[in-house]
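As a starting point, one isolated chain is supplied in structure tokens, in the form predicted alone.
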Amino acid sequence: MSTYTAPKKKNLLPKIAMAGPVSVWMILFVTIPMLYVIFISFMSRGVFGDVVYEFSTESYSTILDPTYFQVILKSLKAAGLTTVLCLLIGYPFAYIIARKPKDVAAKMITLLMIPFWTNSLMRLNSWLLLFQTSGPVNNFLVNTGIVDKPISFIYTDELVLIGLITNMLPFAVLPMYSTIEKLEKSMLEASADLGANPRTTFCRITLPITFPGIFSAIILTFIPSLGIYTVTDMLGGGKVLFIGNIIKNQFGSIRNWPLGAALSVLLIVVTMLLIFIYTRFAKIEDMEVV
């Protein structure tokens, strides 16, 4: 006669102990502030810049105003261009690092990160010093006869783009390096043995396998480039405005919190959309690998 043995209850305490602090942190400092920003975006602005808790969609209508809409499009264009250039510069650099021995790769990664151990304001000010009218770049161009008179580089879109690229490049290199490092050399050798040239091997093997790292680099580069305002404040001198600057001004000097919150919600939507695409892509990749 067989006896029924009740299944043992799983002890959830270790799981709660591990996930509990992280969950509490995310709820208190991510979820609740995010929900509050969304809530504020549907409120009204008072006469003296206070938030009037009356439902209104005026802030979202203001976003469609040509002035703000042009800034949003300009920000998206700049963030997209920054991302593309970071990928074009960062992928070969990440590939070179990944093909080096471990000790050499570690040193090269360290060299990449050293500039970010300094204050960001110092790095941005260094670009202003380099590209000012009497700076080293203009002196070189004039002394070599390339130009007749100094070029006005500072407070331009081009200098802001340089600042964005130099700030975001490590965020593109590191995820791509982590995927390229896992690329098995035997697969490349097998492709060469089967008669594939280097270009075919790169397009059919290297690029598809390392694409998850490329997509991670896109997310880690595009999202910060879209919302950052320190680079445009320093290198743009108030003449170059992106969506991050508008949000900062709305919460600061202009004191239009509902509009600033509505613009922040726009950034949140873009972020969530990219994360959703990434999760869908990751699932497809897992199915293909299986």
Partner chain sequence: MKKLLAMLLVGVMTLSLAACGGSTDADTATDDTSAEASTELNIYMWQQYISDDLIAAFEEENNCTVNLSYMSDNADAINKLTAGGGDEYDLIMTCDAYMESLIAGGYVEEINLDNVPNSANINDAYWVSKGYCVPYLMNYIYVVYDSETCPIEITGYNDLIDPALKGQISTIDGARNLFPMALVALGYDPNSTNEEEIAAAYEWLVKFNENVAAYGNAEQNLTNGTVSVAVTYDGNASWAMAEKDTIKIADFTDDAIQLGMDLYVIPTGAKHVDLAEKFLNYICDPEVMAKNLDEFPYSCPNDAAVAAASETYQNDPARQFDYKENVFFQEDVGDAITIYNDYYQKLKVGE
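Residue numbers count along the first chain shown, from 1. Take the two forms, superpose them, and find the largest set of C-alpha atoms that agree within 1.5 Å; that set is the rigid core. Predicted model only: the values in this text are computed from it and were never measured.
Just so you know, the form predicted in complex with the partner chain exists too; it's not on screen, but the next bit is about it.
K.L.:
Which of 99 to 107, 209 to 217, 168 to 176, 68 to 76 has heavy atoms within 4.5 Å of the partner chain in the predicted complex?
P.N.:
Careful reading of the contacts points to 68 to 76.
K.L.:
Taking the partner chain as it sits in the predicted complex, is Phe42 in contact with it (heavy atom to heavy atom, 4.5 Å or less)?
P.N.:
No - in the predicted complex, heavy atoms of Phe42 and the partner chain never come within 4.5 Å of each other.
K.L.:
Closest heavy atom of Ser134 to the partner chain in the predicted complex, within 4.5 Å or not?
P.N.:
Looking in the predicted complex, residue contacts with the partner chain include Ser134, since a heavy atom lies within 4.5 Å.
K.L.:
Using 4.5 Å between non-hydrogen atoms, is Tyr155 touching the partner chain in the predicted complex?
P.N.:
Tyr155: yes, in contact with the partner chain in the predicted complex.
K.L.:
Should Phe55 be classed as touching the partner chain in the predicted complex when contacts are defined as heavy atoms within 4.5 Å?
P.N.:
Close contact is absent here: in the predicted complex, Phe55 is far from the partner chain, nothing within 4.5 Å, heavy atoms only.
K.L.:
Given a 4.5 Å distance limit between heavy atoms, list every residue of 159 to 185 close to the partner chain in the predicted complex, or none if there are none.
P.N.:
None of them.
K.L.:
Aligning on the core only, does the CA of Phe29 end up 2 angstroms or more away between the shown form and the other one?
P.N.:
Where the cores coincide, Phe29 shows only a C-alpha shift between the shown form and the other one that is less than 2 Å.
K.L.:
Does the distance between the two CA positions of Lys248 reach 2 Å or more between the shown form and the other one, the core being superposed?
P.N.:
No, the C-alpha position differs by under 2 Å between the shown form and the other one.
K.L.:
For Ser178, decide whether the Cα shift between the shown form and the other one is 2 Å or greater, given a superposition on the rigid core.
P.N.:
False for Ser178: its C-alpha shift is below 2 Å.
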